[in-house]
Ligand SMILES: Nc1ncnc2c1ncn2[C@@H]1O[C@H](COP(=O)(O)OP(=O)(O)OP(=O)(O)O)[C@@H](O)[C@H]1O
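So this first bit is one chain, no partners, the form predicted on its own, shown in structure tokens.
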């Protein structure tokens, strides 16, 4: 028969008994466990998520949102793929917001590792105890404690948050291997964690939305096929003319006629420039913000504002002159020679 644990003695050391009763141990464990739960406020404070402002919803935007939500509901993570500046990230963050769960966020890049996704030991604390309860007997004890810090993927899996993995294809494939068991077996493995919690069962409310630039862009890696097989690619192009005009107006407050002119110029240039050089909706917003703060502008001012924004993807001087001539020609078609 198993005996119930009882204190072996009632001696007092430094103001408390040497041993705790089983009830006291269970009570302390319950308090420690409940204190690890993360509130929405703590998540938002510790993991900065970009705020979506002036979100514009047209029929085209709504259809894209519904497609992303459909695959989340089915159980396959959506992977939104498209050219830079077309609104992928904004769409993903808006869908995550509408899921009604806290959102955590991570940006992929060349230096990202598995530790950046799951977490790691942030510090080590060494502690030494010297006990002379009996004056001629010394009990020595050395203890080392490691502090583990969860990163976005672990947080999302543990507590059922929505993870937005932005620029997914910019991370090296080996950094993302940990996602295979998360998406297939719904188990997160922490390969560097000490102890029994090496494997975490993924929370039923966990969701992840990936965004990537098209594979033609510099600094983009092709993800492993095993991972691509476990997600659904949603290819997204630039929005239609009317949607882009509404987005530009919402972000800049510029007049409707001026917004239409800027969007028309940028869309014309988009058709004439090669894929990596195509300007997106973000470029239209920047141009309109520049025009809005000017108290009137000449033809030369107009050309300069466009070139300041559009010249960011220029590799050498001859490309700058070539693009400058193209911009001037398109501006003349849109604004006339005045």
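Everything numeric here is computed off the predicted structure, so don't read it as measured data. Numbering follows the first chain given and starts at 1.
Below, we refer to the form predicted together with the ligand, which is not included among the displayed structures.
To test your reading of this chain, name the stretch in 266-274, 280-288, 301-309, 66-74 whose heavy atoms come within 4.5 Å of the ligand in the predicted complex. Comparing against the ligand in the predicted complex, the contact stretch is 280-288.
With the partner left out here, if you bring back the ligand in the predicted complex, are 54, 83 and 239 all within 4.5 Å of it by some heavy atom? Yes, the whole candidate spot contacts the ligand.
For residue 251, is any heavy atom within 4.5 Å of the ligand in the predicted complex, or not? Looking in the predicted complex, residue contacts with the ligand include residue 251, since a heavy atom lies within 4.5 Å.
Is it the case that residue 167, even though its partner is missing from this view, gets within 4.5 Å of the ligand in the predicted complex, heavy atoms only? Yes, residue 167 sits close enough to the ligand in the predicted complex that at least one of its heavy atoms falls within 4.5 Å.
Against the ligand in the predicted complex, would residue 78 count as a contact residue? Criterion: heavy atoms within 4.5 Å. Output for residue 78 is no: heavy atoms all beyond 4.5 Å of the ligand.
May I ask you to check whether residue 61 falls inside a 4.5 Å heavy atom distance of the ligand in the predicted complex? Residue 61 belongs to the contact set for the ligand.
Using a 4.5 Å heavy atom cut-off, which residue among 154, 89, 115, 261 comes into contact with the ligand in the predicted complex? In short, 89.
Which residue, 95, 163, 179, 247, has a heavy atom that falls within 4.5 Å of the ligand in the predicted complex? By the 4.5 Å criterion, the partner-contacting residue is 247.
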